[in-house]
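Only one chain is shown below, in C-alpha coordinates, and it's the form predicted on its own.
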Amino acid sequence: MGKALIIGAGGVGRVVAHKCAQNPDVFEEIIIASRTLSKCDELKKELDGGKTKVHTAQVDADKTEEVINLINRFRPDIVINVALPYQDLSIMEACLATKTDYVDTANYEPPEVPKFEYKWQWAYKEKFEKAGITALLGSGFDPGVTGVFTAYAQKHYFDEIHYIDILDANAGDHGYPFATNFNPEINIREITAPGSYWEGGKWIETKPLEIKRTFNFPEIGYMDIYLLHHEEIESLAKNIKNVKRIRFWMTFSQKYLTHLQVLQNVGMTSIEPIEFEGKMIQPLQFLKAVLPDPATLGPRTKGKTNIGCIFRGIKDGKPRNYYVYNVCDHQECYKEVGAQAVSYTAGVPAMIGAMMVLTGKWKKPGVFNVEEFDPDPFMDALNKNGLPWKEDFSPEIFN
(Lines give C-alpha, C1' and ligand atoms only; values in the text may rest on other atoms or scores of the structure.)
Protein backbone atom coordinates (compact mmCIF):
# COMPACT_ATOMS: atom_id res chain seq x y z
CA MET A 1 0.00 0.00 0.00
CA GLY A 2 2.70 2.50 0.96
CA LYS A 3 6.27 3.43 1.81
CA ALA A 4 7.36 4.86 5.18
CA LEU A 5 10.52 6.72 6.16
CA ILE A 6 11.39 6.05 9.82
CA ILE A 7 13.75 8.69 11.24
CA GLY A 8 15.39 7.37 14.41
CA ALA A 9 16.96 3.99 15.15
CA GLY A 10 16.93 3.91 18.94
CA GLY A 11 14.67 1.73 21.07
CA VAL A 12 11.43 3.23 19.73
CA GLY A 13 12.68 3.24 16.13
CA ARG A 14 13.50 -0.45 16.47
CA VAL A 15 9.93 -1.20 17.55
CA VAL A 16 8.42 0.91 14.76
CA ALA A 17 10.51 -0.88 12.14
CA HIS A 18 9.58 -4.34 13.44
CA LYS A 19 5.88 -3.53 13.69
CA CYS A 20 5.82 -2.01 10.19
CA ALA A 21 7.40 -5.22 8.88
CA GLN A 22 4.67 -7.21 10.67
CA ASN A 23 2.10 -5.31 8.57
CA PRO A 24 3.45 -5.67 5.01
CA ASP A 25 0.05 -5.11 3.41
CA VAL A 26 0.21 -1.52 4.68
CA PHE A 27 3.98 -0.97 4.79
CA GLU A 28 5.30 -2.44 1.55
CA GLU A 29 8.60 -0.61 1.97
CA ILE A 30 10.38 1.12 4.85
CA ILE A 31 13.51 3.25 5.03
CA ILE A 32 15.27 3.37 8.41
CA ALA A 33 17.36 6.55 8.75
CA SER A 34 19.52 7.84 11.57
CA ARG A 35 22.66 9.81 12.25
CA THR A 36 24.31 6.44 12.97
CA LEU A 37 24.01 4.29 9.85
CA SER A 38 25.30 1.15 11.59
CA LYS A 39 22.21 1.04 13.84
CA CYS A 40 19.98 1.15 10.77
CA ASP A 41 21.95 -1.59 9.06
CA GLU A 42 21.71 -3.84 12.13
CA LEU A 43 17.93 -3.45 12.08
CA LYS A 44 17.80 -4.18 8.37
CA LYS A 45 19.60 -7.49 8.92
CA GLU A 46 16.95 -8.51 11.45
CA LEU A 47 14.08 -7.59 9.12
CA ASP A 48 15.39 -8.78 5.76
CA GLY A 49 13.65 -11.81 4.32
CA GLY A 50 10.11 -10.68 5.02
CA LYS A 51 7.55 -9.20 2.66
CA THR A 52 8.41 -5.59 3.56
CA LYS A 53 11.39 -4.21 1.63
CA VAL A 54 13.88 -2.54 3.97
CA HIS A 55 16.37 0.21 3.11
CA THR A 56 18.71 2.27 5.28
CA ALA A 57 20.18 5.75 5.10
CA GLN A 58 22.24 8.21 7.11
CA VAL A 59 20.68 11.57 7.98
CA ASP A 60 21.23 14.44 10.39
CA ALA A 61 17.65 15.35 11.29
CA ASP A 62 18.77 18.74 12.61
CA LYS A 63 19.45 19.74 9.01
CA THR A 64 16.24 20.24 7.05
CA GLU A 65 18.02 20.11 3.68
CA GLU A 66 19.40 16.65 4.49
CA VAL A 67 15.90 15.40 5.35
CA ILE A 68 14.50 16.98 2.16
CA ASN A 69 17.17 15.26 0.08
CA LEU A 70 16.44 11.93 1.77
CA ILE A 71 12.70 12.27 1.14
CA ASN A 72 13.32 13.21 -2.50
CA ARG A 73 15.61 10.21 -2.87
CA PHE A 74 13.19 7.60 -1.52
CA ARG A 75 9.80 9.30 -2.10
CA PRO A 76 8.03 7.90 1.00
CA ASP A 77 4.30 8.33 1.48
CA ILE A 78 4.78 9.19 5.15
CA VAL A 79 7.57 10.15 7.56
CA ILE A 80 7.51 8.58 11.03
CA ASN A 81 9.57 10.83 13.29
CA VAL A 82 10.97 8.94 16.30
CA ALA A 83 14.08 11.12 16.55
CA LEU A 84 14.54 13.72 19.32
CA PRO A 85 11.79 16.26 20.11
CA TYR A 86 14.30 19.03 19.25
CA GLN A 87 14.14 17.85 15.63
CA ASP A 88 10.37 17.95 15.13
CA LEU A 89 10.30 21.30 13.37
CA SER A 90 13.18 20.57 10.99
CA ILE A 91 11.47 17.33 9.94
CA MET A 92 8.08 19.04 9.59
CA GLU A 93 9.70 21.67 7.38
CA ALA A 94 11.10 18.90 5.19
CA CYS A 95 7.68 17.27 4.95
CA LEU A 96 6.15 20.60 3.93
CA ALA A 97 8.78 21.16 1.26
CA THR A 98 8.16 17.70 -0.21
CA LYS A 99 4.40 17.46 0.52
CA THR A 100 4.81 14.31 2.60
CA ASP A 101 2.55 13.19 5.49
CA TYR A 102 4.10 13.32 8.97
CA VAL A 103 3.71 11.44 12.28
CA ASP A 104 5.61 11.90 15.57
CA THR A 105 5.41 10.70 19.18
CA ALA A 106 6.40 13.76 21.24
CA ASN A 107 5.95 17.50 20.79
CA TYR A 108 8.67 20.00 20.01
CA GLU A 109 11.02 21.14 22.76
CA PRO A 110 13.66 23.86 22.27
CA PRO A 111 17.14 22.50 23.09
CA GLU A 112 17.98 25.49 25.27
CA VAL A 113 14.74 25.54 27.32
CA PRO A 114 13.26 22.52 29.15
CA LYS A 115 9.71 23.41 28.09
CA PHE A 116 7.63 21.32 25.72
CA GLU A 117 4.36 22.58 24.32
CA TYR A 118 2.38 22.31 21.10
CA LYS A 119 2.33 25.97 20.04
CA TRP A 120 5.30 25.61 17.68
CA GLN A 121 3.77 22.66 15.83
CA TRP A 122 0.17 23.90 15.91
CA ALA A 123 1.48 27.00 14.12
CA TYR A 124 1.99 24.80 11.03
CA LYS A 125 -1.72 23.96 10.71
CA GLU A 126 -2.53 26.36 7.85
CA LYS A 127 0.67 25.48 5.98
CA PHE A 128 -0.12 21.75 6.09
CA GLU A 129 -3.71 22.44 5.03
CA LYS A 130 -2.55 24.42 2.01
CA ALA A 131 -0.03 21.68 1.13
CA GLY A 132 -2.78 19.05 1.33
CA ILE A 133 -0.84 16.88 3.78
CA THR A 134 -1.47 15.47 7.25
CA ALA A 135 0.63 15.99 10.39
CA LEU A 136 -0.37 13.63 13.21
CA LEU A 137 1.18 14.80 16.48
CA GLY A 138 1.95 12.73 19.55
CA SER A 139 1.14 9.23 18.33
CA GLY A 140 3.06 7.39 21.03
CA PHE A 141 1.44 6.05 24.18
CA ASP A 142 1.46 9.14 26.37
CA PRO A 143 0.91 11.30 24.45
CA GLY A 144 -0.91 9.18 21.91
CA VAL A 145 -2.91 6.21 23.13
CA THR A 146 -4.00 8.27 26.15
CA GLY A 147 -5.63 10.72 23.73
CA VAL A 148 -7.25 7.87 21.78
CA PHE A 149 -8.51 6.40 25.08
CA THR A 150 -10.05 9.81 25.84
CA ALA A 151 -11.75 10.07 22.44
CA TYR A 152 -13.03 6.50 22.85
CA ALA A 153 -14.45 7.23 26.30
CA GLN A 154 -16.08 10.41 25.00
CA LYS A 155 -17.61 8.61 22.01
CA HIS A 156 -18.95 5.53 23.78
CA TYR A 157 -19.41 6.18 27.50
CA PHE A 158 -19.89 9.87 28.32
CA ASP A 159 -22.00 12.86 27.44
CA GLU A 160 -19.42 14.99 29.23
CA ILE A 161 -16.01 14.10 30.66
CA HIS A 162 -15.23 16.30 33.65
CA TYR A 163 -12.08 14.77 35.16
CA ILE A 164 -9.18 12.96 33.50
CA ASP A 165 -6.29 11.32 35.35
CA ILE A 166 -3.57 9.79 33.16
CA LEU A 167 -1.48 7.20 35.01
CA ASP A 168 1.85 5.83 33.77
CA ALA A 169 3.41 3.04 35.83
CA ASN A 170 6.63 1.19 35.11
CA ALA A 171 7.28 -1.66 37.54
CA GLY A 172 10.20 -2.95 35.50
CA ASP A 173 13.60 -3.68 37.05
CA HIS A 174 16.72 -3.41 34.86
CA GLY A 175 19.19 -4.14 37.66
CA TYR A 176 21.20 -0.92 37.34
CA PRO A 177 21.54 1.44 40.33
CA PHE A 178 20.26 4.26 38.08
CA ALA A 179 19.12 4.35 34.45
CA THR A 180 16.31 5.93 32.45
CA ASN A 181 13.88 3.92 30.32
CA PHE A 182 13.96 6.37 27.43
CA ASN A 183 16.36 9.09 26.27
CA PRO A 184 18.06 10.23 29.53
CA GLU A 185 18.28 13.85 28.43
CA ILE A 186 14.57 14.12 27.61
CA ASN A 187 13.54 12.00 30.60
CA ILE A 188 15.47 14.01 33.19
CA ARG A 189 14.46 17.38 31.71
CA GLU A 190 10.84 16.29 31.96
CA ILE A 191 11.04 15.09 35.56
CA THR A 192 13.05 17.98 36.99
CA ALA A 193 10.81 20.64 35.40
CA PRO A 194 7.92 22.15 37.40
CA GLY A 195 4.74 20.09 37.37
CA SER A 196 1.39 21.44 36.20
CA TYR A 197 -2.20 20.43 35.63
CA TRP A 198 -5.28 21.92 33.99
CA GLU A 199 -8.17 22.97 36.20
CA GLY A 200 -10.93 25.53 35.86
CA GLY A 201 -9.75 26.64 32.43
CA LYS A 202 -6.18 27.47 33.46
CA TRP A 203 -2.80 25.94 34.22
CA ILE A 204 -1.85 25.40 37.85
CA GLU A 205 1.90 25.00 38.37
CA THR A 206 3.54 22.92 41.10
CA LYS A 207 7.08 22.35 42.24
CA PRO A 208 8.82 19.33 40.61
CA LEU A 209 7.37 16.10 42.07
CA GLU A 210 5.58 18.11 44.77
CA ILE A 211 2.29 16.19 44.61
CA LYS A 212 2.32 12.48 45.40
CA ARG A 213 -0.38 9.81 45.62
CA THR A 214 -0.43 6.00 45.86
CA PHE A 215 -2.40 3.89 43.39
CA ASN A 216 -3.13 0.17 43.10
CA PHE A 217 -2.31 -0.69 39.49
CA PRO A 218 -3.89 -3.84 38.01
CA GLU A 219 -1.32 -6.65 37.59
CA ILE A 220 1.36 -4.49 39.28
CA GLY A 221 0.12 -3.46 42.72
CA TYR A 222 0.50 -0.35 44.84
CA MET A 223 3.00 2.24 43.59
CA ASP A 224 3.81 5.87 44.38
CA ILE A 225 2.72 8.26 41.63
CA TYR A 226 3.87 11.86 41.16
CA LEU A 227 2.18 14.69 39.29
CA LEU A 228 4.10 15.90 36.22
CA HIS A 229 3.46 18.29 33.38
CA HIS A 230 2.80 16.34 30.18
CA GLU A 231 1.98 17.48 26.68
CA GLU A 232 -1.30 15.66 26.14
CA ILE A 233 -2.85 17.74 28.91
CA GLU A 234 -2.51 20.76 26.60
CA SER A 235 -4.18 19.14 23.58
CA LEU A 236 -6.92 17.42 25.63
CA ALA A 237 -7.77 20.71 27.36
CA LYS A 238 -8.24 22.21 23.89
CA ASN A 239 -10.16 19.34 22.31
CA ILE A 240 -12.33 17.86 25.10
CA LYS A 241 -15.19 20.24 25.80
CA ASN A 242 -16.41 20.90 29.36
CA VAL A 243 -13.45 19.14 30.98
CA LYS A 244 -12.83 20.55 34.46
CA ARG A 245 -9.46 19.02 35.36
CA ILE A 246 -6.71 16.99 33.67
CA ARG A 247 -3.71 15.58 35.51
CA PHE A 248 -0.79 13.34 34.55
CA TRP A 249 0.91 10.94 37.00
CA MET A 250 4.03 8.81 36.72
CA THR A 251 5.59 6.27 39.08
CA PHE A 252 9.11 6.59 40.49
CA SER A 253 10.86 4.43 43.07
CA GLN A 254 12.52 6.06 46.05
CA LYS A 255 15.88 4.72 44.85
CA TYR A 256 15.43 6.47 41.50
CA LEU A 257 14.45 9.76 43.14
CA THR A 258 17.40 9.62 45.56
CA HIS A 259 19.87 9.17 42.70
CA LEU A 260 18.19 11.98 40.78
CA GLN A 261 18.36 14.35 43.74
CA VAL A 262 22.09 13.70 44.20
CA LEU A 263 22.71 14.34 40.50
CA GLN A 264 20.72 17.59 40.74
CA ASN A 265 22.60 18.66 43.85
CA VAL A 266 25.97 18.33 42.11
CA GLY A 267 24.77 20.06 38.95
CA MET A 268 24.75 17.07 36.61
CA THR A 269 21.17 17.64 35.43
CA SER A 270 21.82 21.24 34.35
CA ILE A 271 21.44 22.27 30.69
CA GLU A 272 23.53 25.43 31.22
CA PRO A 273 26.82 24.99 29.32
CA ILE A 274 30.06 24.92 31.29
CA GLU A 275 33.65 24.99 30.09
CA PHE A 276 35.53 21.70 30.40
CA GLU A 277 39.04 21.23 29.01
CA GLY A 278 38.59 24.13 26.63
CA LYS A 279 35.16 23.02 25.36
CA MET A 280 31.64 24.10 26.27
CA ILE A 281 29.45 21.15 27.32
CA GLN A 282 26.05 20.67 28.93
CA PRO A 283 26.32 18.60 32.14
CA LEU A 284 23.08 16.79 31.28
CA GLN A 285 24.41 15.77 27.87
CA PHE A 286 27.55 14.43 29.53
CA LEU A 287 25.40 12.52 32.03
CA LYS A 288 23.45 11.05 29.12
CA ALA A 289 26.72 9.78 27.64
CA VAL A 290 27.73 7.90 30.79
CA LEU A 291 24.32 6.43 31.69
CA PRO A 292 23.19 3.10 30.19
CA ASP A 293 21.66 3.46 26.73
CA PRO A 294 17.89 2.78 27.11
CA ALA A 295 18.05 0.73 23.90
CA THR A 296 20.30 -1.78 25.73
CA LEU A 297 17.95 -2.34 28.69
CA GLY A 298 15.69 -4.85 26.95
CA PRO A 299 17.47 -8.14 27.75
CA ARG A 300 17.80 -7.33 31.46
CA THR A 301 14.48 -5.60 32.24
CA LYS A 302 11.80 -7.67 34.00
CA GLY A 303 8.32 -6.71 35.14
CA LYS A 304 5.40 -4.83 33.62
CA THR A 305 4.11 -1.41 32.66
CA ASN A 306 0.56 -0.19 33.15
CA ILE A 307 -0.56 2.99 31.36
CA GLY A 308 -4.13 4.20 31.24
CA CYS A 309 -6.72 6.86 31.97
CA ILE A 310 -9.39 7.27 34.64
CA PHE A 311 -12.37 9.34 33.54
CA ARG A 312 -15.18 10.85 35.59
CA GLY A 313 -18.19 12.55 34.08
CA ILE A 314 -21.85 12.11 33.26
CA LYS A 315 -23.92 9.92 30.95
CA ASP A 316 -27.68 10.39 30.60
CA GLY A 317 -27.59 12.74 33.57
CA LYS A 318 -25.92 10.22 35.87
CA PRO A 319 -22.34 10.14 37.21
CA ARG A 320 -20.03 7.62 35.54
CA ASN A 321 -16.45 6.46 36.20
CA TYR A 322 -14.36 4.58 33.66
CA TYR A 323 -10.78 3.28 33.60
CA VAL A 324 -9.12 1.99 30.42
CA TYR A 325 -5.53 0.77 30.45
CA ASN A 326 -2.88 -1.47 28.90
CA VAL A 327 -0.50 -3.80 30.72
CA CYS A 328 2.73 -4.65 28.91
CA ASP A 329 5.40 -7.19 29.90
CA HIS A 330 9.04 -6.15 29.40
CA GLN A 331 10.32 -9.65 28.69
CA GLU A 332 7.55 -10.46 26.23
CA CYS A 333 8.33 -7.26 24.33
CA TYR A 334 12.00 -8.16 24.18
CA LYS A 335 11.24 -11.64 22.85
CA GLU A 336 9.15 -10.14 20.06
CA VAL A 337 11.12 -7.09 18.90
CA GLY A 338 14.31 -6.88 20.98
CA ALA A 339 13.19 -3.88 23.05
CA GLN A 340 11.75 -3.29 26.52
CA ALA A 341 8.14 -2.27 27.17
CA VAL A 342 8.72 1.50 27.41
CA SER A 343 10.03 1.53 23.84
CA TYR A 344 7.33 -0.94 22.77
CA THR A 345 4.45 1.12 24.13
CA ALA A 346 5.72 4.19 22.23
CA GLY A 347 6.68 2.41 19.01
CA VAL A 348 3.54 0.38 18.37
CA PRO A 349 1.22 3.45 18.42
CA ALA A 350 3.62 5.34 16.14
CA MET A 351 3.23 2.56 13.57
CA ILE A 352 -0.54 2.51 14.08
CA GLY A 353 -0.77 6.28 13.63
CA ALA A 354 1.08 5.99 10.33
CA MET A 355 -1.21 3.10 9.39
CA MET A 356 -4.29 5.24 10.08
CA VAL A 357 -2.99 7.95 7.75
CA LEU A 358 -1.79 5.59 4.99
CA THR A 359 -5.09 3.68 4.91
CA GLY A 360 -7.08 6.92 4.77
CA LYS A 361 -8.86 6.41 8.09
CA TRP A 362 -7.17 9.47 9.59
CA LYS A 363 -6.23 11.34 6.44
CA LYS A 364 -7.09 15.03 6.07
CA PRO A 365 -5.01 18.18 5.47
CA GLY A 366 -3.69 19.99 8.51
CA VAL A 367 -2.04 19.44 11.88
CA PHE A 368 -3.92 17.23 14.34
CA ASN A 369 -3.65 15.49 17.69
CA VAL A 370 -4.86 11.89 17.90
CA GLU A 371 -8.03 12.65 19.89
CA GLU A 372 -9.39 14.67 16.95
CA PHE A 373 -9.99 11.50 14.91
CA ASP A 374 -12.36 8.53 15.20
CA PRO A 375 -10.77 6.35 17.92
CA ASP A 376 -12.39 3.04 16.95
CA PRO A 377 -10.01 1.86 14.18
CA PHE A 378 -6.98 2.80 16.33
CA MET A 379 -8.39 0.97 19.36
CA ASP A 380 -8.99 -2.09 17.19
CA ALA A 381 -5.42 -1.90 15.86
CA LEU A 382 -4.02 -1.77 19.41
CA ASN A 383 -5.62 -5.14 20.16
CA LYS A 384 -4.25 -6.63 16.96
CA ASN A 385 -0.70 -5.30 17.30
CA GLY A 386 0.39 -6.18 20.82
CA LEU A 387 -1.17 -3.53 23.06
CA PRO A 388 -4.55 -4.96 24.14
CA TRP A 389 -6.57 -2.73 26.46
CA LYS A 390 -8.80 -3.50 29.41
CA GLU A 391 -11.73 -1.69 30.99
CA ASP A 392 -12.93 -1.11 34.55
CA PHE A 393 -16.24 0.64 35.27
CA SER A 394 -15.69 0.90 39.04
CA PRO A 395 -12.06 2.06 39.37
CA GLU A 396 -10.31 3.37 42.43
CA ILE A 397 -10.76 7.15 42.58
CA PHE A 398 -8.43 9.65 44.24
CA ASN A 399 -8.46 13.45 44.62
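Note that the structure is a prediction, hence the values are computed from the model and not measured. So that there is no doubt, residue numbering starts at 1 and follows the sequence shown.
We do not show the form predicted in complex with a small molecule, though everything after this point is about it.
The small molecule is not drawn, but in the predicted bound form it has a heavy atom within 4.5 Å of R35. Taking the partner from elsewhere, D62 is found to have a heavy atom lying within 4.5 Å of the small molecule in the predicted bound form. In the predicted bound form, the small molecule stays beyond 4.5 Å of every heavy atom belonging to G172. With a 4.5 Å cutoff on heavy atoms, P143 counts as touching the small molecule in the predicted bound form. Checked against the small molecule in the predicted bound form, the residues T269, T134, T251, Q87 give one hit for a heavy atom within 4.5 Å, which is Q87. Between the options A106, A153, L228, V243, the residue in contact with the small molecule in the predicted bound form by a heavy atom within 4.5 angstroms is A106. In summary, the region of this chain contacting the small molecule in the predicted bound form, judged by heavy atoms within 4.5 Å and restricted to 196-204, 159-167, 319-327, 135-143, corresponds to 135-143.
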